[in-house]
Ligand SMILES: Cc1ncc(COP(=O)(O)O)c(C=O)c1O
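What follows is a single chain, given as structure tokens, in the form predicted on its own.
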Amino acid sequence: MSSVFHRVENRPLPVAVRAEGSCVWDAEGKRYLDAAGGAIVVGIGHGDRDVAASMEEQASAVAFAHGTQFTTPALEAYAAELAPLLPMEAPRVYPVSGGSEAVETALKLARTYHLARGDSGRHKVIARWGSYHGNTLGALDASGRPPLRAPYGPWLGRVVHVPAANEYRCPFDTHPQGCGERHAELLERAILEEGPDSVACFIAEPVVGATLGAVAPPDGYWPAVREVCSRHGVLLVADEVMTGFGRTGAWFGSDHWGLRPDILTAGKGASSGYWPLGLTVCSGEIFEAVVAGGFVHGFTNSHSAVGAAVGRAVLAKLRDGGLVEASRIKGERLLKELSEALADEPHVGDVRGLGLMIGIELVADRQTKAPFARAEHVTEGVLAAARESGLLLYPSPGGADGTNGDAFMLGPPFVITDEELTEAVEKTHAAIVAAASPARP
């Protein structure tokens, strides 16, 4: 009997004993093609010895130095090498231990910026439904995923939410014309209703991750949203925890639209899973306003020397190995082959994504886009069938209306081979057929 409080208790978990490239092996010798990159985390591949060596080398030199007492060569070098890649002017990097911490840091930083400028009334956060920003309380309150919020409802409710930008289920009668601008109008309406002098920031994912399943906004969305935020003095926070570090085929999801956020959060691919690492980055303007009065915030393990060494080693792999470009090229192939393979499947409503961040939405009726009832657990059935065949996928249920809807994601390591891409397509198709067949007409 295990003494571990596992994240999954309704089924036995295999024991992972080895991982290399795009594959994981369990204690029974079974191989799994990790088409999910864990939780859309692993970019450079499993089992990279150079990254492991960087971790050992730094831990042997300085394993821990508190951020209020020391900086380290690893941290300074990492920030200097990362800065030119970030979509903002004169960026300052605040490393933490994961995406949720990064979002908490970003929200506090937005509030502190306005306090430093004498705008003490600006405290409200606006986010989107159909979003996910983390599981700490501030991040969860910003998240627009009802099932995750429900148990903690009495502790939530300070964040204002606007509709998700989901082109597959767009509610506008003029769709597909001007959808981005319409969403920007809804954001502006929310700002005006709350009072512009009370709104601190707007936070959103450049491409929505697990809540909707790799949903990109229309091209006009981000330019229009950026203009609205700038005009009303509202800071724009880009949550790049899932979309950063090459996942969408660009260094950051923001790059696809030329978006320049005021604050950016990152995680997951920043360390490719080799170390618990998240990042909050602000522009030089934000930093200069805040630094004079200080930032009342911090974590024991922020500014980690070992985390910075790992992040720097991962950055080198992405840059020197051409892996961001590989994500774009392989993602285009995977999206094309999945679209072709699933074209005649009656319960596949949409296949979408950017780079190696791809979502597949399943529907009960392809013509009306009516979802399966959540109680049918179609997503779970697909993942179980895939797992049985040795393929790992990532769940994205509930996207149709916040409760119902079935989708899942593929987000394999950027080192996935051509043969493995073919395997992922074939096994994904087979899993959908196996799981949806009872509901077939």
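Predicted model only: the values in this text are computed from it and were never measured. Numbers for residues come from their place in the sequence shown, where the first is 1.
The form predicted in complex with the named molecule exists for this protein as well; it is not shown, and the discussion that follows is about that form.
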TODO: Using a 4.5 Å heavy atom cut-off, indicate which stretch of 334 to 342, 151 to 159, 255 to 263, 132 to 140 touches the named molecule in the model of the complex.
DONE: 132 to 140
Task: Heavy atom within 4.5 Å of the named molecule in the model of the complex - the one residue of 100, 280, 304, 283 that qualifies - done: 100
- [ ] Could you work out which of 107, 242, 214, 96 is the residue within 4.5 angstroms of the named molecule in the model of the complex, going by heavy atoms?
- [x] 242
- [ ] Using the partner position in the model of the complex, report whether residue 347 sits within 4.5 Å of the named molecule, counting heavy atoms only.
- [x] no
Task: Partner proximity in the model of the complex: residue 114 to the named molecule, non-hydrogen atom cutoff 4.5 Å - done: no
- [ ] Determine whether any heavy atom of residue 268 comes within 4.5 Å of a heavy atom of the named molecule in the model of the complex, and answer yes or no.
- [x] yes
TODO: Heavy atoms within 4.5 Å of the named molecule in the model of the complex is the criterion; list the residues of 192 to 210 that meet it.
DONE: 205
